[in-house]
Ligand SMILES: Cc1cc2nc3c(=O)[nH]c(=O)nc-3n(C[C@H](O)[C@H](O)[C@H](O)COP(=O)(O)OP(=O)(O)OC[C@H]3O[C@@H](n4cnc5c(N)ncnc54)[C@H](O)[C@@H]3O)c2cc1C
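Listed next as structure tokens is one chain, alone, in the form predicted alone.
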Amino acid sequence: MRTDPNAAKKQEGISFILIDDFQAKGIKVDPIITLAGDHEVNQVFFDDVRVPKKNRVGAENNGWTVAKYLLEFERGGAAHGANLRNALNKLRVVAGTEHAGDGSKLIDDPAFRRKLDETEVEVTAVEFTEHRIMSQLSNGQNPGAAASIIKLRGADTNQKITELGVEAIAYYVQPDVIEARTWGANVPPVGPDHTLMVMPKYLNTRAQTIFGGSNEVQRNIMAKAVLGL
């Protein structure tokens, strides 16, 4: 929350406050349905919400410093490499099931295999960057600008994997059977089971280059903190 409206810079004059009662008077939560049709994010409104001073983290007007510290771990602490490797392995299985235009297995199509191999190189690069961050953390260091590097490359690579997934299942991306993705539902998917989540994942990852700081923000951080521009 802003505690000094007269601060010289916008990022100054902000204090970091924890709210431990989301049912408190003045808090309103409205769901946001994503492009994939899922409810996993919300918009939150605060209307004269009262929070005790003891809930403040850090010094008054020093909230942006706290937020930046937390963002380093949000951007660099997720298991990007493991998630990407798992997604790529699943994509290879799908490519071994689906067919190319000439009727052969998609995994045997040279053009598609080249895309898979190029993406695997990027996945490996993300894994090695993540290992370097883990080494820093084990030595008591913060991720620093490396968090922006892995966030940007991880997001871009994940989008490429989901794009290849859409390419792999072809016309099976068209049916939108959201009921089949609901826990306990008895609705069968249209097409093979492995096609059900491909399009929703593709749509969901469109936001990955925005949330947690957009790619443009990450590039600005790297330009300043790494290249000294």
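Computed from a predicted model, the values in this text were never measured in an experiment. Residue numbers here begin at 1 and follow the sequence given.
From this point on, the text means the form predicted in complex with this ligand, which you will not see here.
For Ala59, no non-hydrogen atom is located within 4.5 Å of this ligand in the model of the complex, even though that partner is not displayed. Of the heavy atoms in Val41, some are within 4.5 Å of this ligand in the model of the complex. Interface residue remark: Gly13 is not counted as part of the site for this ligand in the model of the complex, having no heavy atom within 4.5 Å. Not displayed here, this ligand is kept clear of Ile19 by more than 4.5 Å at the level of heavy atoms in the model of the complex. In the model of the complex, not one residue of 98 to 130 has a heavy atom within 4.5 Å of this ligand.
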